[in-house]
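Only one chain comes next, encoded as C-alpha cells, the form predicted alone.
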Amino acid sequence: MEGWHGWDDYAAYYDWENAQTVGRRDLAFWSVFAQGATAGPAGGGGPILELGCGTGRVALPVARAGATVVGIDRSAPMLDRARKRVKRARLQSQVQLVRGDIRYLPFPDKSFPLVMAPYGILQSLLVERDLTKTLAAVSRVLTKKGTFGMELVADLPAWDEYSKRVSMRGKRGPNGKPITLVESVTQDRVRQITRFEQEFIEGRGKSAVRKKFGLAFRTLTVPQMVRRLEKAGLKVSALLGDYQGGVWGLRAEVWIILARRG
C-alpha cells in the first residue's frame, strides 16, 4: 500500500476525526507564520502553496487571515469538500485548489515565497525516493530566500499496537448519525511505518453503514529530516516544539521544521 491509498475513503470522516484530535490548535500558528513569511522583501506578498491541502482545514483560516493560498492534493473527494468550503466562505478569489502529485509540483520555478506542509502530510510518503522527489520539487518552486514550513506528527512511532479497538464515539457524525471508529494499529519498526486499519460505523443495528480503509505513515526523526532538507538545498532556520514558537527538544510534543532556500 502506498501512502496515498485510503485518503479518498477517509475524506468523509477526516474533518470529524480531526476535530476530536488536533482540532484547531495549529491553525493560528500557520496563519501568523504565513503572514510573516510573505510580508517581507523576500516574500513580496506572493501566494502560499500548501501541500496536501485536503478538505481545506488549514488553507481556509490562512486565507481568512489575508493570504492567497494555492492548495494541492491528490484526492478528488478531499478537494470536492474543500471546494464546497471555499464557496461557502466566499474565498474563491483567495484560494485556488489544484489536483496533483506533490512529488511533481505543476508550477513554474520560484513561484512561491512560502510552501507549507502542515500536520504530517509528508509522512504519507512511505519510501525514500518519493520524499526526495517532493523536497526537490519544493526547493524548485520556492523563491530565493523563500521559506518551507513543515510539521511531523511526533507520536506516531510511540503508538501501541492493538486490534479492533473502539477509539472514538460520537452522537453525531459527519452524516448526522451516531458514529463509532473501530481501529487497529501495527508498527513496522524497520521501515519506520505506522499503519492504521479503520472502520467507521454510522448508525445502529442492522441499518448501520460500515466503511473500512487503511492509512499508513512513515516517521523520520527531526535530525533525519533535517539532513534530507539540507540535501535538497534547503537550510534549516528553526526547529519548533510547540505552536507558540517554543524551541524543539527531544521530548517536544510538536515537531515543526522551518527551512529557507538559498
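Note that this is a predicted model, so its numbers are computed, not measured. Start at 1 and count along the sequence shown; that's the residue number.
Here the subject shifts to the form predicted in complex with a small molecule, a form of this protein not shown in this document.
Of the candidate stretches 57-65, 206-214, 193-201, 225-233, only 57-65 has residues with heavy atoms within 4.5 Å of the small molecule in the predicted bound form. A heavy atom within 4.5 Å of the small molecule in the predicted bound form is found for exactly one of Leu135, Met78, Met150, Leu97: Met78. Proximity to the small molecule in the predicted bound form, taken as a non-hydrogen atom within 4.5 angstroms, holds for one residue of Val86, Ile179, Ile121, Val141, which is Ile121. Taking non-hydrogen atoms only, Arg74 approaches the small molecule to within 4.5 angstroms in the predicted bound form. A residue is said to contact a partner when one of its heavy atoms sits within 4.5 Å of a partner heavy atom; Glu183 fails this definition for the small molecule in the predicted bound form, lying far away. Not displayed here, the small molecule is kept clear of Leu131 by more than 4.5 Å at the level of heavy atoms in the predicted bound form. The closest heavy atom approach of Cys53 to the small molecule in the predicted bound form falls within 4.5 Å.
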